[in-house]
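Have a look below at one chain only, the form predicted alone, in structure tokens format.
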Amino acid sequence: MFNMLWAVALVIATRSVAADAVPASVTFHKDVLPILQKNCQTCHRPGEAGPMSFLTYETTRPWAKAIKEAVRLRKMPPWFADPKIGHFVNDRSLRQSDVDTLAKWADGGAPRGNPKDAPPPVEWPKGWHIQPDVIVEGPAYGVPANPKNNVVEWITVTVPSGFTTDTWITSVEIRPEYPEVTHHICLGFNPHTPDVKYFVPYWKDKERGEDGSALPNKGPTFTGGGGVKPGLRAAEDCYVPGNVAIDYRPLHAAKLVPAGSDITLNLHYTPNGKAVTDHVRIGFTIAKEAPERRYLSFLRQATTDPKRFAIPPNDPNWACPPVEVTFARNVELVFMMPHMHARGKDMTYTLEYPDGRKEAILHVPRYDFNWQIGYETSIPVPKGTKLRVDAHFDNSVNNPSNPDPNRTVYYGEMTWEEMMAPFFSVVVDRDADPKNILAGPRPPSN
């Protein structure tokens, strides 16, 4: 019996190795295109974030050497989670055999091969990623070409949702017209109040130095998610580079929008020298019946106290005060998204269970501000478990993204200031009270 099991295991292992082996002869249509379809074309196609298209041989061939270098250095596809920690259902990283295949193709002169060997083309959605049932018109905001200190303060705008009955939404996509100047756009739902003025932007001008940064004697310029109008709930569903839509349908879950709710948008723009008027649209898919489970999003900021959050000049590994939350009921943790700015170095999510056991569930050792990656997972979390998030910052000359290593950096909204804001989402029973998910002070939630 033992010998038979060993033989079966050997066959399986041999087949696995064979599946991961690099072909003796590599061509675009047979070997490269399947990798591009699975890992690259989401962004590298017309109208998306990638600056070149990888849909065809003709558009891909000129980039063969660049593709080899990008995948060899693990710069592409963008994926920064430590592979030894956690498991993620949306893992977009390449297997080593894929990297070797792309490198061999480039080194071999990037041959075309037989078009008959190609897999069928992927039917990518045009325009929207989620094919919305409902589209809400958002604000139009004029982004100046060169404002003072290149600062456009965070803006909040409220628009009507149009939902006249309680509605379960199953996915959300926020689409700016000019993503090249859009740092982020986030939304949250709020009860309508009579004093709300639709489509009116609110912001607060901060006291800043000549370079636009917080003044040492004034502390942080952070106002809490752009919440310059009292009563606005901070937003959690966001458009950011690398995270353009979120879909709850694979989890058999949805978010409940009460009838008559308003949508509050938090907008952050980064001018690029060209004046534009950005028109925002929001797409939703709607559940035809009540879902099995409810999706809830949370955001907890680290301290903004300038006495505790002040990154010293030339410090290559400053440890931020951690973020900690405790779950007041059983949940399934399904999403995590680290967020920092240009000096962000690393971030780690750790669960501390009621029995004292600790488990790191996400470690991003090389944080990249240019890609706000959301990591989708499935972790049962029992009541009483604490989620702790730790982060470090590199304010030294060794950080090529560092605007100025010779100054103290405070918590602030602009990219040359800093922020430590871990997002996370859970799924619970449909009838669970969202106010009773976390113990103690409650972060914003939807």
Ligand code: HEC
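The first residue of the shown sequence is 1; numbering continues from there. Computed from a prediction, not measured in an experiment: that's the story for all the values here.
Note that the form predicted in complex with heme C (HEC) isn't included here; everything after this is about it.
Position in contact with heme C (HEC) when the complex is considered in the model of the complex, options Leu55, Ala421, Val381, Cys43, heavy atoms within 4.5 Å: It is Cys43.
In the model of the complex, the residue from Val172, Ala342, Met347, Val71 that sits within 4.5 Å of heme C (HEC) by heavy atoms: Result of the distance check: Val71.
In the model of the complex, segment of 300-308, 328-336, 71-79, 106-114 with a heavy atom within 4.5 Å of heme C (HEC): Only one stretch qualifies here: 71-79.
Heme C (HEC) contact at Phe369 in the model of the complex, heavy atom, 4.5 Å: Contact with heme C (HEC), no.
Proximity of Ser396 to heme C (HEC) in the model of the complex, heavy atoms at 4.5 Å: No, Ser396 is distant from the partner.
Contact test in the model of the complex: Ile67 vs heme C (HEC), heavy atoms, 4.5 Å: Looking in the model of the complex, residue contacts with heme C (HEC) include Ile67, since a heavy atom lies within 4.5 Å.
Partner contact for Leu94 in the model of the complex: heme C (HEC), 4.5 angstroms, heavy atom: Taking the distances in the model of the complex, the answer for Leu94 is yes, it comes within 4.5 Å of heme C (HEC).
Sequence-ordered list of residues in 320-348 near heme C (HEC) in the model of the complex, where near means a heavy atom within 4.5 Å: Read in sequence order, no residue approaches heme C (HEC) (within 4.5 Å, in the model of the complex).
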